[in-house]
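Below you'll find only one chain, the form predicted alone, shown as structure tokens.
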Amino acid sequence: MNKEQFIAKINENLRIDGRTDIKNATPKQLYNALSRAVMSEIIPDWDASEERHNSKRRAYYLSAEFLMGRAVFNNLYCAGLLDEAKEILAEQGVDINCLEEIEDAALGNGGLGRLAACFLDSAASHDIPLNGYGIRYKYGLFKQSIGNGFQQESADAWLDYGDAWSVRAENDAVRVDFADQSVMAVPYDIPIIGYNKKSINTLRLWQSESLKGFDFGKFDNQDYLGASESTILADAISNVLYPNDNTEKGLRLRLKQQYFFVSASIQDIIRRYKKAHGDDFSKFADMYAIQLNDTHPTIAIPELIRIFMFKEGMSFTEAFAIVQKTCNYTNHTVLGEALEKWGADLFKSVVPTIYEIVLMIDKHLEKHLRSIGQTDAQIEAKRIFDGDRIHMARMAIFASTYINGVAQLHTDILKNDVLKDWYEIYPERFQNKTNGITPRRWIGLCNPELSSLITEKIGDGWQTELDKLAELKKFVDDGATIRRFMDIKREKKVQLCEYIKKHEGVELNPDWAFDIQVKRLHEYKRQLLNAFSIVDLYFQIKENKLPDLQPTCFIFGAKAAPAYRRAKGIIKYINEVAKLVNNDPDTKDKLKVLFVQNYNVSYAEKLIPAADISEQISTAGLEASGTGNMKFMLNGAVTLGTYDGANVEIVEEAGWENEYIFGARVEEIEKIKPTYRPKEKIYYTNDRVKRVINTLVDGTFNDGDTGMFGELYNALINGTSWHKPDHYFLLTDLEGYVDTKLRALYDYKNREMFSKKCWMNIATSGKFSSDRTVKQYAEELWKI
């Protein structure tokens, strides 16, 4: 479309949907009209990409989360229409930034879902045939607000804004059966537009709907709730990401969610295969690769076997052989509680046929292990059925061609510790695939000012070949370039300050250092350690020990799972710290603390380009990779972090002199763990640490009589029934962490020298493109 056709199409959509035009449309109306205009333009290319890929070997990415973020700006950018759309709307007196009022679709909770989104973007941008499958959650995760320092949750009704980027593909709907319920899985297809429309792939999300629909008979008999009962129960399956599972009802719903989207996806994949190849499944593993993103979709293994056996007439042995050649498993964690295990009775009561097939897989595993000489004890340690528990990770390892970790350190821990017994018998299956991020959204779109400077210095093409950023190294001693970079960083801070003032009602100073920690709230990510460090700085300032400290804004953003009481206590503690330091006359001109509300992809796009210091402070050995660390690096922030996850590789790329690494390493933690007694060895002997920890219980802060702070204190000092004291080693790392943070802040006072460190982070971030990661998956796992 030319400009006139584009305007005409938008106005036509607005007239049909709202009897209005561009100049008078609301942001919601404009968003939908503009999105539909682009959709009508790209559909021929979308169809052509699908047709081209159908004849090739291709991959399918099964994930419980796809954290896509707001679609309109990214899609316009990738389609090469963003500048044109800005110009068109400006000519009509409309600022395209009004579309920022449209909420994100929060169909993910953190790195897992955002990684999936980046992978889809990279595959489309390099014409790799990869389609995604997941759930079209009606309310996503939840919408977060902060009231009196506490997290408050409400439904995130993102569909209220419309869903112009989805196409309902009702003809491909399939039935999914549980023991007590049957539902229809209806697909909604979302185009994944590659950069410059290199390719347009598909994310297919399933919505659960009732087979029966509205029961008019019950309604006529005045049973109004009963008339909608089947609809309510069906809707529940795709209503909310990660429903609370602290009761059996919640566990049943989670298992239903997983089987629902996996069964629908597997049925769809088989339908596609049969359409192209008929009933001969001898080529199935040659044509398709299925990637299981964590343990959530592992139930795909028995589901694929079920269909092969009961619908296509194969023996178990034939079916298992095909499945094992088709599936691959990505492990995202070393935390035992995150490696899914289901109660056998619950599992059997929800999906009894799948339960029987898992039994077959378990017996097949036992037979195989005996055949290679494993002892009874070794076999028992690997059984899928462990007493009354079903281990999904064990099934994924046994029934996959490849198992991969997501950072070199993480993969080494899997091989040498967490999955050591498996690695010893299947070393050829284990690979490392260090995570990456898409440069299109995470610098091209969110930081056009820096992108323009980069293009000016090294030319175009780096957006899809991020290794080219290495050419920026030659400008590190060019004072004019570094000063322009400093100006851009300040401009991004000003933009963030305006955004925060509008959304949080808080004023920040763009001339302060910005130290930012934004990620999912979990104890091992140690947001509490960051808060403790600020309290320690507060006490030192009060004692006149830091007279010339660099004024610093400490910004947090995170959501805590609704049932995760201790994580919610950490949010409350951070907000109590903010209340103290922001209002004390002795510290308010040196420290500012802010916990932003409803952190999501769009908020990240504002926060990350404005950061000077990126907080990546997980307990060493527990962060599988991280991708937030890569986004900050790409936008020119230094990493303040532990030697963990992808931080290890970031330091290797950028150099130790350009990052701030502290804390106990994996081997040190393993050494002290058996005899670790933080109360006796640290708390009672280190007054500085003790004073900070005591603020949880000495009346410095108020937890609203919830007992949350007492629980945090007890977990650190005395331990719990399931964890030893200070399980995440905050007391071990606190003092060294504060000292390293102070070193970074004092370095920041020499702004040009600090900016050179930031520039070197940009110049060495090429490895951390998801383009590189997806190409490695395609070549080394999927054989595409």
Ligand code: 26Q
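Note that residue numbering begins at 1 and tracks the sequence as displayed. This one's a predicted model, so the numbers in the text were calculated from it and none came from an experiment.
What comes next is about the form predicted in complex with this ligand, which does not appear here.
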This ligand overlaid from its position in the predicted complex: site open or blocked at 2.4 Å backbone/C-beta: open
4.5 angstroms heavy atom contact with this ligand in the predicted complex for residue 490: no
This ligand contact at residue 626 in the predicted complex, heavy atom, 4.5 Å: yes
Contact of residue 438 with this ligand in the predicted complex (heavy atom, 4.5 Å): no
In the predicted complex, residue 254 touching this ligand (heavy atom, 4.5 Å): yes
Interface residue in the predicted complex among 245, 153, 84, 504, criterion: non-hydrogen atom within 4.5 angstroms of this ligand: 245
Selected contact from 572, 592, 332, 394, since only one has a non-hydrogen atom within 4.5 angstroms of this ligand in the predicted complex: 332
Candidate stretches 700-708, 144-152, 304-312, 104-112, one within 4.5 Å of this ligand in the predicted complex by heavy atom: 104-112
This ligand in the predicted complex - contacting residues of 48-71, heavy atom within 4.5 Å: 65
Direction of the Cα shift between residue 250 and residue 149 in the predicted complex, where the change is 3 Å or more: farther
Cα-Cα shift for residue 246 and residue 350, closer or farther in the predicted complex, minimum 3 Å: farther
